[in-house]
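Quick heads-up: it's one chain on its own, the form predicted on its own, in C-alpha coordinates.
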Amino acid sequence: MEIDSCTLKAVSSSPSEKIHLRPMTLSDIDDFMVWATDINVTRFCTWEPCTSREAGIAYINSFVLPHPWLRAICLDDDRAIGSISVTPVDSIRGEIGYVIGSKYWGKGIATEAVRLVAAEIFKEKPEMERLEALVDVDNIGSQKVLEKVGFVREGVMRKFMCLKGNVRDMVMFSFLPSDSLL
(Lines give C-alpha, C1' and ligand atoms only; values in the text may rest on other atoms or scores of the structure.)
Protein backbone atom coordinates (compact mmCIF):
# COMPACT_ATOMS: atom_id res chain seq x y z
CA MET A 1 0.00 0.00 0.00
CA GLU A 2 1.27 3.48 -0.85
CA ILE A 3 0.31 6.42 1.31
CA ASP A 4 0.31 9.97 -0.01
CA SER A 5 0.48 11.97 3.21
CA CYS A 6 -0.74 15.19 1.61
CA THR A 7 -4.12 13.83 0.59
CA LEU A 8 -4.34 10.70 2.76
CA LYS A 9 -5.04 8.35 -0.12
CA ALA A 10 -4.61 4.62 -0.03
CA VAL A 11 -3.76 2.56 -3.05
CA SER A 12 -4.20 -1.03 -1.97
CA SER A 13 -3.54 -4.28 -3.73
CA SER A 14 -6.50 -5.76 -1.85
CA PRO A 15 -9.88 -6.21 -3.55
CA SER A 16 -11.22 -3.13 -1.77
CA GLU A 17 -11.70 0.08 -3.68
CA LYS A 18 -9.22 2.93 -3.40
CA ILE A 19 -10.20 5.31 -0.65
CA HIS A 20 -9.18 8.70 0.62
CA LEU A 21 -9.94 10.74 3.70
CA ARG A 22 -11.00 14.37 3.65
CA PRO A 23 -12.73 16.78 6.01
CA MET A 24 -16.48 16.17 6.13
CA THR A 25 -18.70 19.11 5.19
CA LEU A 26 -22.38 19.92 5.36
CA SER A 27 -22.60 19.09 1.65
CA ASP A 28 -22.07 15.43 2.67
CA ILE A 29 -25.50 15.33 4.35
CA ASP A 30 -27.17 13.00 1.83
CA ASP A 31 -24.31 10.49 1.99
CA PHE A 32 -24.16 10.84 5.79
CA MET A 33 -27.85 10.00 6.08
CA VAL A 34 -27.28 6.63 4.38
CA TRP A 35 -25.24 5.31 7.30
CA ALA A 36 -26.50 7.59 10.07
CA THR A 37 -30.06 6.27 9.75
CA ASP A 38 -29.07 2.59 9.64
CA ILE A 39 -29.67 0.89 13.01
CA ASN A 40 -27.19 -1.86 12.10
CA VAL A 41 -24.46 0.73 11.54
CA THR A 42 -25.22 2.79 14.65
CA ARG A 43 -25.70 -0.20 16.94
CA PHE A 44 -22.31 0.27 18.62
CA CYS A 45 -22.11 4.06 18.23
CA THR A 46 -22.57 6.37 21.19
CA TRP A 47 -25.19 8.30 19.21
CA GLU A 48 -28.66 7.23 18.11
CA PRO A 49 -29.60 6.89 14.42
CA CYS A 50 -30.69 10.15 12.82
CA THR A 51 -34.42 10.21 12.21
CA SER A 52 -34.58 13.13 9.77
CA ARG A 53 -32.41 15.17 7.42
CA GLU A 54 -32.77 18.11 9.82
CA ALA A 55 -31.41 15.95 12.68
CA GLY A 56 -28.50 14.94 10.45
CA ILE A 57 -27.72 18.57 9.61
CA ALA A 58 -27.86 19.45 13.31
CA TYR A 59 -25.49 16.56 14.14
CA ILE A 60 -23.00 17.61 11.46
CA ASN A 61 -23.13 21.24 12.62
CA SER A 62 -22.84 20.49 16.33
CA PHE A 63 -20.47 17.49 16.36
CA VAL A 64 -18.77 16.82 13.02
CA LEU A 65 -17.70 20.31 11.94
CA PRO A 66 -16.24 21.41 15.30
CA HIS A 67 -14.49 18.06 15.90
CA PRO A 68 -10.70 18.50 16.14
CA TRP A 69 -9.93 15.59 13.76
CA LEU A 70 -12.76 13.93 11.84
CA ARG A 71 -12.59 12.87 8.20
CA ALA A 72 -15.01 11.45 5.68
CA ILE A 73 -14.03 8.04 4.29
CA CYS A 74 -14.49 8.48 0.54
CA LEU A 75 -14.35 6.33 -2.56
CA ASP A 76 -12.68 7.48 -5.79
CA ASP A 77 -15.79 9.47 -6.72
CA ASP A 78 -15.33 11.53 -3.47
CA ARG A 79 -18.61 10.17 -2.07
CA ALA A 80 -18.54 9.85 1.72
CA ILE A 81 -19.35 6.29 2.81
CA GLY A 82 -18.34 6.68 6.43
CA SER A 83 -16.23 8.69 8.81
CA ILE A 84 -13.19 8.26 11.00
CA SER A 85 -12.04 10.41 13.88
CA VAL A 86 -9.29 10.82 16.43
CA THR A 87 -10.54 12.41 19.63
CA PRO A 88 -8.05 13.72 22.19
CA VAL A 89 -8.24 11.78 25.48
CA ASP A 90 -5.50 13.81 27.16
CA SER A 91 -2.23 15.47 26.11
CA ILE A 92 -0.61 12.23 24.85
CA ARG A 93 -3.52 9.93 23.90
CA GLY A 94 -6.10 9.96 21.13
CA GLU A 95 -9.07 7.64 20.65
CA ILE A 96 -9.85 6.45 17.13
CA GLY A 97 -13.42 5.83 16.12
CA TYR A 98 -14.94 4.96 12.77
CA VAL A 99 -18.24 4.16 11.14
CA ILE A 100 -18.93 2.93 7.62
CA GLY A 101 -22.08 2.19 5.67
CA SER A 102 -23.17 -1.44 5.93
CA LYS A 103 -23.04 -1.81 2.13
CA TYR A 104 -19.26 -1.50 2.46
CA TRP A 105 -18.71 -3.92 5.35
CA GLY A 106 -16.35 -6.82 4.70
CA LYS A 107 -14.55 -5.12 1.79
CA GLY A 108 -11.44 -3.97 3.65
CA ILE A 109 -12.41 -0.30 3.44
CA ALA A 110 -12.57 0.34 7.19
CA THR A 111 -9.25 -1.48 7.57
CA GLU A 112 -7.64 0.76 4.94
CA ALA A 113 -9.05 3.89 6.59
CA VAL A 114 -7.72 2.88 10.02
CA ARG A 115 -4.37 2.01 8.44
CA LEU A 116 -4.20 5.46 6.79
CA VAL A 117 -4.87 7.20 10.09
CA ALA A 118 -2.45 5.04 12.09
CA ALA A 119 0.26 5.70 9.50
CA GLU A 120 -0.14 9.48 9.58
CA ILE A 121 -1.57 10.65 12.92
CA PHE A 122 1.72 10.50 14.82
CA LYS A 123 3.38 12.67 12.15
CA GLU A 124 0.53 15.17 12.23
CA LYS A 125 0.35 15.13 16.05
CA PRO A 126 3.91 14.43 17.27
CA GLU A 127 2.87 14.94 20.90
CA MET A 128 0.63 11.86 20.67
CA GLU A 129 2.18 8.80 22.28
CA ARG A 130 -0.75 6.42 21.96
CA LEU A 131 -3.71 5.87 19.67
CA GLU A 132 -6.36 3.76 21.35
CA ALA A 133 -9.73 2.26 20.54
CA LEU A 134 -12.51 1.08 22.81
CA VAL A 135 -14.66 -1.53 21.12
CA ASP A 136 -17.80 -3.23 22.43
CA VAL A 137 -17.09 -6.90 23.18
CA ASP A 138 -19.85 -7.88 20.74
CA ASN A 139 -18.46 -5.77 17.88
CA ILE A 140 -16.30 -8.52 16.40
CA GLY A 141 -15.99 -6.83 13.00
CA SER A 142 -14.41 -3.72 14.48
CA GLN A 143 -12.05 -5.81 16.60
CA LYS A 144 -10.88 -7.62 13.44
CA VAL A 145 -10.30 -4.29 11.66
CA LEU A 146 -7.97 -3.10 14.42
CA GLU A 147 -6.11 -6.41 14.64
CA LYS A 148 -5.54 -6.46 10.86
CA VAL A 149 -3.91 -3.03 11.07
CA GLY A 150 -1.61 -4.03 13.95
CA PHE A 151 -3.36 -2.62 17.01
CA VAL A 152 -2.62 -4.56 20.20
CA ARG A 153 -5.57 -6.00 22.10
CA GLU A 154 -4.82 -5.03 25.69
CA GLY A 155 -7.79 -6.55 27.46
CA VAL A 156 -11.43 -6.32 28.38
CA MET A 157 -12.58 -3.39 30.47
CA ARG A 158 -15.45 -4.90 32.43
CA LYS A 159 -18.64 -2.85 32.84
CA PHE A 160 -16.72 0.10 31.42
CA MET A 161 -19.31 2.09 29.52
CA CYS A 162 -22.99 2.81 29.45
CA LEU A 163 -24.06 2.55 25.82
CA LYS A 164 -27.65 3.40 24.97
CA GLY A 165 -28.82 2.58 28.47
CA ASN A 166 -26.86 -0.66 28.86
CA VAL A 167 -23.65 -1.13 30.82
CA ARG A 168 -21.17 -2.76 28.45
CA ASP A 169 -17.82 -4.50 28.55
CA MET A 170 -15.32 -2.89 26.18
CA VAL A 171 -12.12 -4.20 24.60
CA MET A 172 -9.14 -1.82 24.75
CA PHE A 173 -6.79 -1.68 21.76
CA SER A 174 -3.73 0.49 21.30
CA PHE A 175 -1.25 1.49 18.63
CA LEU A 176 2.01 3.27 19.46
CA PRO A 177 4.34 5.23 17.16
CA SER A 178 6.89 2.41 17.55
CA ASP A 179 4.38 -0.27 16.47
CA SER A 180 4.44 -1.66 12.94
CA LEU A 181 1.49 -1.54 10.59
CA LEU A 182 0.45 -4.92 9.26
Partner chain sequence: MEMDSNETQPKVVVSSPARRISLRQMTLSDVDHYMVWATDAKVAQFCSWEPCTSREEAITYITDSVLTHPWLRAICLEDDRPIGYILIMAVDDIRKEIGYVLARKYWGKGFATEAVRLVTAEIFKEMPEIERLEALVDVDNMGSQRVLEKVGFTREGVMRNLIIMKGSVRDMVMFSFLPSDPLK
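Residue numbers count along the first chain shown, from 1. Every value quoted in this text rests on a predicted model; they were computed, and no experiment measured them.
From this point on, the text means the form predicted together with its partner chain, which you will not see here.
Out of the listed residues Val156, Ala58, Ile39, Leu26, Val156 is the one that sits within 4.5 Å of its partner chain in the predicted complex by at least one heavy atom.
Although the partner is absent here, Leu181 sits far enough away that none of its heavy atoms falls within 4.5 Å of its partner chain in the predicted complex.
Using a 4.5 angstroms limit between non-hydrogen atoms, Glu129 touches its partner chain in the predicted complex. Using a 4.5 Å cutoff between non-hydrogen atoms, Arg93 counts as a contact of its partner chain in the predicted complex. Contact between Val34 and its partner chain in the predicted complex is not found at the 4.5 Å heavy atom cutoff. With the partner left out here, its partner chain still marks one of 50-58, 148-156, 63-71, 110-118 in the predicted complex; by a 4.5 Å heavy atom cut-off that stretch is 148-156. In the predicted complex, its partner chain lies within 4.5 angstroms of at least one heavy atom of each of the following residues of 164-182: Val167, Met172, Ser174, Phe175, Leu176, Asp179, in sequence order.
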